[in-house]
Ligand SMILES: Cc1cc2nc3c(=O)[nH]c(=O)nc-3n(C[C@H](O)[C@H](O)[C@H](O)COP(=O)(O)OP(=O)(O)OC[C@H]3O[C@@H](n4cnc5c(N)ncnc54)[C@H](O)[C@@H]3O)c2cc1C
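Next up: a single chain in structure tokens, the form predicted on its own.
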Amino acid sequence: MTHLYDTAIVGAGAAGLMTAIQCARKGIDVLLLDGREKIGAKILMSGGTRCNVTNQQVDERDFAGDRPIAIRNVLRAYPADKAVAFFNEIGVDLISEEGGKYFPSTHSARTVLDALLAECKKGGVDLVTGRKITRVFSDGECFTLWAGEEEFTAKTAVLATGGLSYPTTGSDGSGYPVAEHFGHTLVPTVPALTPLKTEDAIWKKLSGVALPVRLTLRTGGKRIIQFEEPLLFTHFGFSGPAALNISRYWLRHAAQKNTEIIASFLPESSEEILALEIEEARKETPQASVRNFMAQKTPKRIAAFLLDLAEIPADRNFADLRREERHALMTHFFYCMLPVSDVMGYGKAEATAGGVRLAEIDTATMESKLEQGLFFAGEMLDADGHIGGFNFQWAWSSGTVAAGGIAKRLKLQV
């Protein structure tokens, strides 16, 4: 006879593991299923294999999604400081780095995954891998989950299968059709946190250069969003936190007319300040090279590249700098349009934008409003965070809230 679990969690990524651990701590009999034999690939590759588990400050402003208030409610129910305490408790010592990012002190994502798996084992979680769930059915009393001809039953079920990012890790969107089977609708998905591509060969010559910038996405002259972070030039286009963060917004607006990404290569300065500095240089050092002057403010290769774009001769000095050249200099250093043609796609995306609508989820419990006993956690929901540990925090928060909701549904002591 098939064993009837209290809950069956589909997906043993960050959200699934956290849900399983928190359920087990409440005395819930847990089955954790994953389609891959070896789990945790995304955890192991995240943060350059160091795993940026969370951030010092996390709130709904660090996320995109149609319902920021719902995201806020989940994050407040299990904030970042509780996640830090949790990892310290299970033996993962965390250190804080620039931007408030938390990493394991070992600088190895393996430390995080091993600790989560050890905690699952300690709690008696029944982890079954290599079983891809293709169908889920509810008779109103319990759920039946099928992996081919094999079936599992549970009083409640959790979908934590992730989105579509890095499909080689097992994120293939297989949870979306299951959610739709139960009546849920999806916010259309696009890759998030993915590099930007360009068709302009000139820009590819800057490959390897990195610098702080301010990127602004505009549509029809209206500012949509802005990021002030490092940008990395690559052989295919643009990467680094600024490009990754703006990618999902560019994709959402790319089809609209006059959508553009504008770069300021002097984010800590302004037109007014630079104009005063140029005027002072014209008076005090009129024979000084404009190119050498700008190379003191931004990487030499960037300065030379932008001055070439502005059609300012390499030997131009301040005494001979023309009015139209000053205008072109300001335009290219503060309002330079990046020639973005596309993104690298899901294959290089660190997250998925869109997914199951949060309006259809009770975010106090993560239970479906459409199917009693069905819960959700993690990336398959319409909540994608920026670079900096925010998506992992969403996994820890939503998984913990889901565990509390399952206990409530089962009428256990929470």
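Keep in mind that this is a model prediction, so the values were computed, not measured. A residue's number is simply how far along the shown sequence it sits, counting from 1.
The next section is about a form of this same protein that is not shown, the form predicted in complex with the ligand.
Contact annotation for the candidate site: F87, L113 and G404 all lie away from the ligand in the model of the complex (no heavy atom within 4.5 Å). Proximity of E350 to the ligand in the model of the complex falls within the 4.5 Å heavy atom cutoff. Heavy atoms of A70 never reach within 4.5 Å of the ligand in the model of the complex, leaving it off the interface.
In the model of the complex, no heavy atom of G399 sits within 4.5 Å of the ligand. Taking non-hydrogen atoms only, V58 never approaches the ligand to within 4.5 angstroms in the model of the complex. The stretch from 73-81, 268-276, 319-327, 168-176 that comes within 4.5 Å of the ligand in the model of the complex, counting heavy atoms only, is 168-176. Contact residues in stretch 31-60 (any heavy atom within 4.5 Å of the ligand, taken in the model of the complex) are L33, D34, G35, R36, K42, M45, S46, G47, C51, N52.
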